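Quick heads-up: it's one chain on its own, the form predicted on its own, in structure tokens.
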């Protein structure tokens, strides 16, 4: 059983294996497909129309499937690799360990926000941005510029205490755990982290920055924690609902996986600890 670990506890070899697998998927031309898929759903997911990956109940199972598919792709390169997670309630600064040269590299430089250090630096030639919003073909970050502070543990705990998974109108205005975790209401968790990292993480093409996977792995861990704490609660809606993926409706783009299929993450992997 694969175990997903906190990036702060990875050994030097585990970091190297993870980075090498990312670079290999990029060289093979398989990485950019994930960027394109994510962006396509960001663009098409709207509050008043069909919504699958974002602004909707299926935000969490959709990304769980998305991450699992990507993790399996990494494992096709190196079977020992699992996705690490970034606990941004603990590693909260632009000098935290994940931004070191042996993992994600550092902040973007002033002026153009270009990342110049680490394995994904533009000058290295290994991480050319091809699915991009403009002509710039290098990774960009602006840590702590768009918003000053990452979410705190107390803020996460306040969201984990929310009893109901989701509620009508099943979009970015909904009450419930999913929407508060996604960040459209309440203390703003997931969305705020994208803005804090900035650069390409602030666009629909956010998987261009490998921190996307570590961030969403932590979001997935928090959903697993909510499930553990609220065993009597479950995914909603359970009945067919216009423009929304219900419990037993297949999710695009796979069309062979429902939210129900994604509820038990332990079929595929576990986490190294509870939150």
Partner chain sequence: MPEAGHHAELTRRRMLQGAGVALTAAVGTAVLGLAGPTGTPAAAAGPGGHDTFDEVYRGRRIQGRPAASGHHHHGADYTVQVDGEELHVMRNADGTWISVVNHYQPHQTPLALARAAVVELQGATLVPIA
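Numbering follows the first chain given and starts at 1. Nothing here was measured: the structure is a model prediction, and the numbers come from that model.
The next section is about a form of this same protein that is not shown, the form predicted together with its partner chain.
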Of 205, 159, 103, 74, which one comes within 4.5 Å of its partner chain in the predicted complex, counting heavy atoms only?
205
Considering 46, 69, 243, 246, which brings a non-hydrogen atom within 4.5 Å of its partner chain in the predicted complex?
46
Would residue 38 show up as a contact with its partner chain in the predicted complex if we use heavy atoms at 4.5 Å?
yes
Residue 180 versus its partner chain, in the predicted complex: is there a non-hydrogen atom within 4.5 Å?
no
Does any part of residue 172 reach within 4.5 Å of its partner chain in the predicted complex? Heavy atoms only, please.
yes
Do residue 65 and its partner chain share at least one heavy atom pair within 4.5 Å in the predicted complex?
no
Is its partner chain in the predicted complex near all of 4, 13 and 214, within 4.5 Å of a heavy atom of each?
no
Counting only non-hydrogen atoms, the one stretch of 150-158, 121-129, 193-201, 83-91 within 4.5 angstroms of its partner chain in the predicted complex is 193-201
Within 71-105, which residues have a heavy atom closer than or equal to 4.5 Å from its partner chain in the predicted complex?
none
